[in-house]
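First comes one chain, alone, set out as structure tokens in the form predicted alone.
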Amino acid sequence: MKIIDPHVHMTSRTTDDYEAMASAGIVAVVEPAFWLGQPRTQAGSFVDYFNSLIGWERFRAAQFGIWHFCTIGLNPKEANNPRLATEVIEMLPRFLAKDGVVAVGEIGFDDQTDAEQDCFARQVELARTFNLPVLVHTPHRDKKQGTIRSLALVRLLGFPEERVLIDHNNEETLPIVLDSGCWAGHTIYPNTKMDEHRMAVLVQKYGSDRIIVNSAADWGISDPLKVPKTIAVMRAQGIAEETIARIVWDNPAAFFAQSGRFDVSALEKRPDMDRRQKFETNSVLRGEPAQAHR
């Protein structure tokens, strides 16, 4: 079964992870811009980070047979530094116009402050300007209220709900999102958020309409193979192959295709792998280039 992991922070992962993901059936990934684990102190660090998402990381993924897309935005955790947030939001248009950028995100709430709401709203307007969908992060604390507040802001701004993916859902928030026109993402983690068995129960209860799963797989305890592992659990629970395929392929493809930059037909073939290629003098090889890998 072909798989899209629609939210995975590959900057945090190794080449071994890419190889394992490709072997498990993952054909494409979407990497959202996110917090790096400690506060950035200047806008220039965002420039380099965003450039790496649309440049080196896209190149690196292709060398392991995986199509790489990204979303660009100011993470809500970084929205509470007004000076820095303003500088970053002002630079976003130069990146939102780039190939491979398939949404604005991840944006949303963390501590649910007024500053976060302001950055959320400004970035939704950028999504409208660039005709891009929006990826919304729901907070770790008071997730239900953060989800309700996110949906209320989307409606207040008049942004099309079918172009919004509300991520990191759980049993409490999923029915709220499904009652809207938004898509519902679920992050499958080893110890927190959702796990494979809970996800299977939700699919049995709610079906597959607008439901998406991802691994996130950041610099903390996480697993970039959580989507394939969730497939295995859903199969063991007797969930139909058609339902599983809709969740791990059709739904993420349909959502990000709204960007006009996610060509589903191109994903029928994996990118060419030639590790002799270089990106700004750098390759995934070390030392002298070896024979091309096809």
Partner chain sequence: MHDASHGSQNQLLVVYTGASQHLGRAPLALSDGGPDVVDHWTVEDGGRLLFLLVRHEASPSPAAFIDAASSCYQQGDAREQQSWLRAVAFLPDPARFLPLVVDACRTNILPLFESVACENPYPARHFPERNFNQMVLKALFTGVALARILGLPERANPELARMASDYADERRAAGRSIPVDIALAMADRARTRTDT
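Being a predicted model, the structure only gives us computed values, none of them experimental. Numbering follows the first chain given and starts at 1.
Unshown form predicted in complex with the partner chain; subsequent notes refer to it.
Exercise. Given that the partner chain is left out here, which of Arg210, Lys77, Arg122, Arg163 has a heavy atom within 4.5 Å of it in the predicted complex?
Worked result: Flagged contact: Lys77.
Problem set entry | Candidate from Asp118, Asp142, Glu90, Asp223 lying within 4.5 Å of the partner chain in the predicted complex - any heavy atom | None of the other options qualify; the answer is Asp142.
For this session: Using the partner position in the predicted complex, report whether Glu172 sits within 4.5 Å of the partner chain, counting heavy atoms only.
Result: Answer yes; at least one heavy atom of Glu172 falls within 4.5 Å of the partner chain in the predicted complex.
Exercise. With the cut-off set at 4.5 Å between non-hydrogen atoms, does Trp219 touch the partner chain in the predicted complex?
Worked result: Because a heavy atom of Trp219 falls inside 4.5 Å of the partner chain in the predicted complex, the answer is yes.
Exercise. Taking heavy atoms and a 4.5 Å cut-off, does Arg198 contact the partner chain in the predicted complex?
Worked result: Within the cut-off, so yes.
Exercise. How about Trp35: is it within 4.5 Å of the partner chain in the predicted complex, going by heavy atoms?
Worked result: The answer is yes: Trp35 has a heavy atom within 4.5 Å of the partner chain.
Exercise. Among 189-197, 176-184, 122-130, 98-106, which stretch has residues with heavy atoms no more than 4.5 Å from the partner chain in the predicted complex?
Worked result: That would be 189-197.
Exercise. Within 45-61, which residues have a heavy atom closer than or equal to 4.5 Å from the partner chain in the predicted complex?
Worked result: Residues within 4.5 Å: none in this stretch.
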